[in-house]
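Here's a solo chain for you in structure tokens, the form predicted on its own.
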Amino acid sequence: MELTIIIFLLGGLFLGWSLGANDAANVFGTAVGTRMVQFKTAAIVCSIFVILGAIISGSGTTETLGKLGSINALPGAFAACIAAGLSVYIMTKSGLPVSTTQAIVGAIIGWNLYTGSSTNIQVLITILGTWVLCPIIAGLLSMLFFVITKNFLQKAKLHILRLDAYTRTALLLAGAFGAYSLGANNIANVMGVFVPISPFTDINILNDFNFSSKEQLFLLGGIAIAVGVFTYSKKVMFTVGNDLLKMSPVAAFIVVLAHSIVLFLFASQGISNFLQSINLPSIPLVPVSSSQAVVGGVIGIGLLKGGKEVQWTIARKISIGWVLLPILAALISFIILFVLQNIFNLTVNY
């Protein structure tokens, strides 16, 4: 039985690897693409903070994803993760920065359709709404930060070497924040489907520290993301950091900062609870698209400069990838579920 559980969990680990391979570009692509941070340094910082974000702040978005479709059998969760991972891998192979959020949502809907389970339309609309808002908010934040930073630098008149040193440090700090936000917001995509059927039990250490089964899942997922960062993220980093818009290092920092704030906002239970406590609408805790946030930030700066420098052909290609990805994931999920149930006689839904 334990071997079976491990085999099924490999589906989630594969999706985590795919997320690291693709979405690390959104955190450090601009820094690596502008040659301000070496790929190896970026990979190490990204890996450490994505694991911390997953374990410390990953539970909020997981609950929302679980409401979309409650997968209640390990083979079903395995099928959804493999489908999402394969679809992301296909897009990554093409050098396109796509979203594991879109992939796992498509895969869950594929499971819902195959098993005849209902899809929570209200949750789906909320998730789709954030897919529209995410790049817009990131773009607006990038434009705001760009104007503020430009005015500050004009008044500060820093020496070019000092500015270079400050920018490298800022890119690393923004990247660390971005990696933490990525882990917090997107770990739900990797391990969320396994939470209701987790094979782990809580571990109590010295009667003071409780390492829950959910946190154990998130640690595994975070490590898988880190492996993806190291082994396969370089190509997509250069697509984001170089091909879409030629950016200065300062603009690269602004894009990562805007992206990180957006991801953090949609993952922070603290901010959501605070807004509720003062009778304001809370921010939905939804796994949003890291790719959409960073592309929105890049295009925001491009528009501020007149829009002529943006490679609209590449932007269009990326947008088409965003539309196709959930459809592809749902289709692959449906096929895998059919194979598991009819060829291997596995129960994909209780």
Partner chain sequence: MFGLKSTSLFGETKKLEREIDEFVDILSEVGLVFKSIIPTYLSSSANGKFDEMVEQVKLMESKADKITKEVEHTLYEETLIPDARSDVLRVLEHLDEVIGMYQGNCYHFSIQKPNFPKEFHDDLIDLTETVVNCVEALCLTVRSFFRDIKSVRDNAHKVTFYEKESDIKFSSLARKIFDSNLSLDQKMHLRYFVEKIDRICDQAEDISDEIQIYAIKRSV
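All values reported here derive from a predicted model rather than from experimental measurement. Basically, rigid core = biggest C-alpha set you can superpose within 1.5 Å across the two forms. Residue numbers count along the first chain shown, from 1.
There is another form of this protein, the form predicted in complex with the partner chain, and it is not shown here; the text below is about that form.
Answer with one of I125, L206, I278, L161: the residue that has a non-hydrogen atom within 4.5 Å of the partner chain in the model of the complex.
The option sitting close enough to the partner is L161.
In the model of the complex, the residue from A251, A226, A174, M191 that sits within 4.5 Å of the partner chain by heavy atoms
Contact check passes for A251.
Counting only non-hydrogen atoms, which stretch in 39-47, 56-64, 280-288, 314-322 is within 4.5 Å of the partner chain in the model of the complex?
One stretch meets the cut-off, namely 39-47.
4.5 Å heavy atom contact, F146 to the partner chain in the model of the complex
Although the partner chain is absent here, F146 would touch it in the model of the complex, with heavy atoms inside 4.5 Å.
Is it the case that T169, even though its partner is missing from this view, gets within 4.5 Å of the partner chain in the model of the complex, heavy atoms only?
T169: contacts the partner chain in the model of the complex.
May I ask you to state whether K308 is within 4.5 Å of the partner chain in the model of the complex, using heavy atom distances?
No, K308 sits far enough from the partner chain in the model of the complex that none of its heavy atoms falls within 4.5 Å.
Q154 versus the partner chain, in the model of the complex: is there a non-hydrogen atom within 4.5 Å?
Q154 belongs to the contact set for the partner chain.
Can you tell me which residues in 106-134 come within 4.5 angstroms of the partner chain in the model of the complex, by heavy atoms?
Read in sequence order, no residue approaches the partner chain (within 4.5 Å, in the model of the complex).
Using a rigid core superposition, assess whether T64 undergoes a CA shift of 2 Å or more between this form and the one not shown.
It does not reach a 2 Å shift.
Is there a C-alpha shift of 2 Å or more at G33 between this form and the one not shown once the rigid core is superposed?
Passes the 2 Å threshold, so yes.
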